[in-house]
Structures are given as structure tokens and as C-alpha cells.
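Shown next as C-alpha cells: one chain only, the form predicted alone.
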Amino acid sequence: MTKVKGGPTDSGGPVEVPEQLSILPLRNSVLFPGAIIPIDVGRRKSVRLVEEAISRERPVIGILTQRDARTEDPNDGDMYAVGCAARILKVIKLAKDNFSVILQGVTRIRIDEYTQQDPFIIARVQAVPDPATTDVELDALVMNLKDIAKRVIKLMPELPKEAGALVDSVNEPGQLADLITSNLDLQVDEKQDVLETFDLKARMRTVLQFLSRQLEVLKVREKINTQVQEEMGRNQREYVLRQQLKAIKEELGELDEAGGDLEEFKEKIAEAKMPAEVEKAALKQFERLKVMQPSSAEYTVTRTYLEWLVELPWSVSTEDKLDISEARDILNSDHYDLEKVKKRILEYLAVRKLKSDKKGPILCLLGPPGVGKTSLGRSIAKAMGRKFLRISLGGVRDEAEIRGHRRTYVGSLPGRIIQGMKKVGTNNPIFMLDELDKLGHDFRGDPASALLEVLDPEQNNSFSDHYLEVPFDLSKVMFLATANIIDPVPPALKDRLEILELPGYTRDEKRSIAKQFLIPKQIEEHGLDGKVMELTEGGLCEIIDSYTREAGVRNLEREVGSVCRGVAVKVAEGSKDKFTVDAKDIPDFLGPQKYMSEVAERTAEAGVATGLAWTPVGGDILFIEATKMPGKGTLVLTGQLGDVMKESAQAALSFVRSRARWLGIEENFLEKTDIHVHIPAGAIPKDGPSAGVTMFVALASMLTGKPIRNDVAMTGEITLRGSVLPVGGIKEKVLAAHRAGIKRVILPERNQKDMVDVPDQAKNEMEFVYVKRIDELLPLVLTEMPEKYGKIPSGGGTTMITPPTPGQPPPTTA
């Protein structure tokens, strides 16, 4: 039995180390003489050993470290041959087979022979105490160890201040080396090397090497700590600590280069096939992202920006279908008429077939609501084999909606153009800008100006979004814009558009569209079929004439849907009959008729003339009424008229006064007469010069007492010299006259060229008269001429176009 002096923490009395000791294997840790450590005991042999030591009062046991911590039942070959004798200070029973044991190292031991394996390991050991020698070299080593240890303690703020005093209190070289090693962050095999080094000088040199390495690491950490604090500031403590840890690992060569899912960005950047300039910017942001911590605000901003870059279709295109015949069939099957637009699309496809790098046109479909502008875009995409994308510009007032916000703003995003390109996934879609004329324009912004770059084929190959800050090529995109009226569109933007006008539909065209598209669609959508419901030709015409008044067919489809719902109710109630809906049945489904025929409102009465007007939703007819009463020569105008229209009435009255003798009326008729001109529908604002002709005819009819034909409508601006000037909206006005059953339309001579856009059906069913001067009007519109009517002044030049005889081609002059 060997007696060894106690460690630095006990009373200093000798501790007896028996020749045979019970051996307790230790995992992931090394016990040094003088050190106190707590351990959990749970393995079967270890529990039996602790129970035996407690029952027989054997407080000293042997502690050996396992070579492999994963070995569950170690034997003599699985443990190091040098360990430490330990005294059991305290045992706490945690559970039936689980103890918490506090051990104090006593002295080094070396295994001579294992004598027992079960129920626990017993071995014959030999104590190896440190020799009590001293010399100058040992003293120098002790001084170096203490000096470096205290410097390390100063650089480790997590250690208590008493640690330096503890180091100073230990004078024995072996105890000092063991104390420092037990508190260093070393690998198990490194600590075991120190434990197995019996030579004091060699042991202290080894510990001095480890301690010097720790000091260098701490110096580097201190340097990094200073740099990081200067860079990041005081408010990011968590970020600083993480940055320190990362820098330390990098200095030690232990940093894992795999940045988690960040490496996926590098692959996506390569797969996206970006332009060189964009790829350079993306890689720069990727390198920045790698050195950021996920907890920082800048990390999220940079990551989101990279996600936008890699998900945009820089090089993804769909292949165009350049079969002209197939495209024509698709357009014809989806839309009735609209020949001008179809022709333009087929021309573009033909040019693309001959010249593949042709830039996409910027088409603007202009027309009243409900004529199929938006749905036409989908058909164009289908015909060309491209993806379709639509954004609505109605009410957009901020140019950032087009160009995006800068990344410096919280929650910033790209504009609608880039968002749409990401959503559609290709760089050559059909991109529809719906409701272009509804863009906002006030002190808050002008998005129309932001669209100038987007809708210019010479510039949009390098479109710059404020969020991306790199150019994106929009030259392969085919842009389609839609608008009801072109006047609100700024001139610079209008100049970039190729405008294709879509006229309103005639009565027969509406009937054909309803039969081919609307009625089958509504019957299917309401769960019916042709065996259950049939809408006759008469019923359809009744809906068109008495329940809708529009240039398009949107309300017509809505009313057809109402009829289908009425039939669906009866079918759902159990009716087995087939419902044939005729004209007489329509009021049962839609109620009383909403619109009376304008023919019924037109009466051959003196002073009432029929004019033609243009509105944003198509053309319309209007009635101008004139009457006279005793008075003092006052002209009264009512009907919510604009200034230009009031001036037209003044001009018409002045011309009538100048032609009083020619009209057969007294030249001073206005001295004792007041004249009142009224235009019904007084709640609707009206303006423009095109009613001048109609006002003159109404005044002339009222003053001469001769009625106006009820099948005649007219439009045109007048001058005091008697000329009839051209006006706009001829196509819409003619179609409105056609819908109203007008048989003769009087137009300015210089508007004859505009008749090329009027549908053939309207041309064939109406008579068109083109006049150059006001004096030519009255014989064309009055039912009878005044008795005292004078000779027409010189300068007239009436051109009359009558409808062709059946079977003959329409006149080419129309």
C-alpha cells in the first residue's frame, strides 16, 4: 500500500493507495491529480463498483480513460494504461441505477495487471507520484507557466479574477502543470499525453506548448474582436459574437466551407445563363451573402435580391408557332370579325418567319368596352404559342409600380413589369397592358412616363428596374395595350404605339357572336344543354334591341345569362319540358324592356332633328329640339351643354339669320321672338362642334314650320361662311345610326375617306350623302320645302351614295 500526500484542495494529509484498485472507465474526459470533477455513473459495472465502494468504505478507486468513447463495455485493451487514483468525495443517487459521483484526483497510477473483470474491473496498480526535486530549469519553467497562464486569464473575461490568484498559490511544478492542463480546452488524447508524461520537465514543456498555443488563439480573437466591433458597432452584440467564432475557426482551419443552402445560389446563377454584367453583379452579392449572419437585416435583403435575380427568365424562351394557316384558324375560331387586328397579327408572324430577330411590335387595341380587346390578347398568345400575361393599369398613379422601388426601402419590390416576367417564366410572352388610358397622372407620380422606356423597341432591350439595378431585355416581348379612348394617353407614349381601332358591332354581328360564342357558353356555364333550352332568333333579337344598348357584347352576354338562370330555376324545380325562349317570353325573364326603339321616338315634327354623337363607349344618336315663343330675341340653350356646343348653336342661329330671305322667313324675326334649343338626356354632359349641322336644321325647320324626315341623321361642324367641316368618330356614329334604324346619313364631304373603316353591312343598308356647304342640307332632310324657298347659293357640291342593288358589289366610293 502506497501513501501519497493529498492534493491542493484537501487538508494535505496522506492518502493510502492500495495495490489493487477497482477501475472505473471514464469517457471523453481525463482526471488529473488534485482536480475535482463530477461524473454520472449509469453503466452496469460502474454502478456495481460504486455500490461496492460505498458498502465497504473503499473511498479510493482507479480512473482510466477509454480509448474510444463509444465502447459500452470496455475491457483491459479498451483503456489507457495510465490513469489517476481518485477519492470518492460524495455520491448522490439519482435513480435506481444512476449515481452522480464527485471525485478528487490523488496521484497517477500505472496498471500492472488486471485481476478481475466481473462484476467490475479490478487491477493491480502502481502509484507514480511526482518526485520532490527542484533546480533552476524547473523554476524557470514554473515562472513561464505562471506568466503565460495569467496572460491567458486576462484575455478570457469569462474566467473569474480568483483564477490568477489560484495559479500563484501553486508552487509544485507537477501540480501546476496538472492544474493548467485540466482547465485547458484540449483533446482527450492531448490531455492523456500530459498524464502519461512522468518526467516533470518534459511535462511542463508540453503544457507550456499547449498554453502558448491557447494564448496565440486568444490574441487573434482579441484582434478580431476589435476589428468586428469597429465595423459593426455596439448594437449588434449577437452578430459580433458569431463573427468572432467564425473568425477563430477560420484561423484554426476548422471552418466548414459549405455554406448550407447558399451554395445552391451559385448553381442557380450558372443555370440562369445571365448576361455577363448581371452575372457579375449576382456573384458579388453572393459573396457578400456568404459572410453575413442570417440574423442581420441586410442578410434578408440581399438574399431576396439574389432570389429575384436567379428566378428571372434571362434565357428562357418559348418557340413561336409560325404556321400562318393554323394561326388564322385559331383567331377566327375565337373571335368574330376584327379583321384588321387579325391581319396585323398574321403579318407579324409572317415577318417573324422570314426574319427571326424581328423585334416585337407595340400594338394598342382601341375601342369601346365589350368588343373583345382583352380576350383577343389570349387568342393572339394561343395562335403564336406564347405564354400570356396581363396587368391592369387602371388607377396606377405611382411610377414605382412600373419601375420598382430601390432596395434601400423596407419591403421594396420590383415593378409590375419585372414581377410579370418572373411570374410568366419566359422572356418572350404576350404582355397585355390593360386600360392604358386609365393611368393616373397627378402630383404623386406619372407612370405613363415610366412606360416610355418599356414601350420603345429601341430602348427596352436594356430596361432598368430600380430594384434590380441591372438591365433586363424586354425586346423579345410582344406588348399589347388596350384603351377605350386615346385622348388621355400622353403624346410621347402615343407615338410609340401602333393603334388598331376595334369598331363597335352591328346588330347582325352581335347576333352572329351570340349564336357562335355567347349562348353556347352561357348554356354550358349554367348546367344546361341544347336538349333543355333553346333561345330562338326572335328572342335573341329582342334582347339586342330592347335590353341592351352598347357597342360591345358584354351586357348582351349578361342578359343571355339571366335568361339561362331563369330556365335553370325551372329545370331544378323538376320540369322535364324543353324551353324554347322566343321574343314574347323575354319579358318573363328580363322584365319590361329597358330601351325603346329610337325610331319610335323620332317623329316628323318641325324643329326636331336627329344628330349623331361619339361617346367613350361607342356612338349614339341625340335629338335636338328647337322652339320659339314671344320675347326679345334671347337664345336659350339647355341640356348640360359645353362651351363649344353652345358656340355651335350661336353659329347656327347666326347663319339662319343671314339666310332668312333664302329660307322664306322675315329678316327681323328675332326682334320679338325668343328661341329655345334643348337636347334631351339633360343629366349627361355634352360638348363638341359636331352638332352644328343638326342645330342649323332644327332651327330652320322650326322657323319655316316644315318637319324633318324621321329616318335621317346628320353630323358636321359649321362655319359662318356656310361650310361644313369634318368631324371625328365617323365609324362609331354610323354604327349608332345603323343600330337606330336610320336610312340616310348626312356627313361632311371631307369625311368620305373615313368610311373605309365602316362595316360593309352598314354601308349596304344605309344611304350616305356628303355635303360641302350648309345650303345643300334642307332639300335632303325636310319632308317638304318652304313655299318661298330661294335658289341655292353657288358653291354647292353634294355627293350622294345610295346602297347597291341586291346582288351587286358595294360602291367603291363609300
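Throughout, we count residues from 1 along the sequence that is shown. These numbers come from a predicted model, not from an experiment.
The discussion below concerns the form predicted in complex with adenosine-5'-diphosphate, not included here.
With the partner omitted here, the stretch from 732-740, 171-179, 191-199, 372-380 that lies within 4.5 Å of adenosine-5'-diphosphate by heavy atoms in the predicted complex is 372-380.
Using a 4.5 Å cutoff between non-hydrogen atoms, K510 does not count as a contact of adenosine-5'-diphosphate in the predicted complex. None of the heavy atoms of F696 is located within 4.5 Å of adenosine-5'-diphosphate in the predicted complex. With a 4.5 Å cutoff on heavy atoms, G360 does not count as touching adenosine-5'-diphosphate in the predicted complex; it lies far away.
At least one heavy atom of P368 is located within 4.5 Å of adenosine-5'-diphosphate in the predicted complex.
Out of the listed residues I544, L703, L493, L338, L338 is the one that sits within 4.5 Å of adenosine-5'-diphosphate in the predicted complex by at least one heavy atom. A heavy atom within 4.5 Å of adenosine-5'-diphosphate in the predicted complex is found for exactly one of R744, R657, R554, R303: R554.
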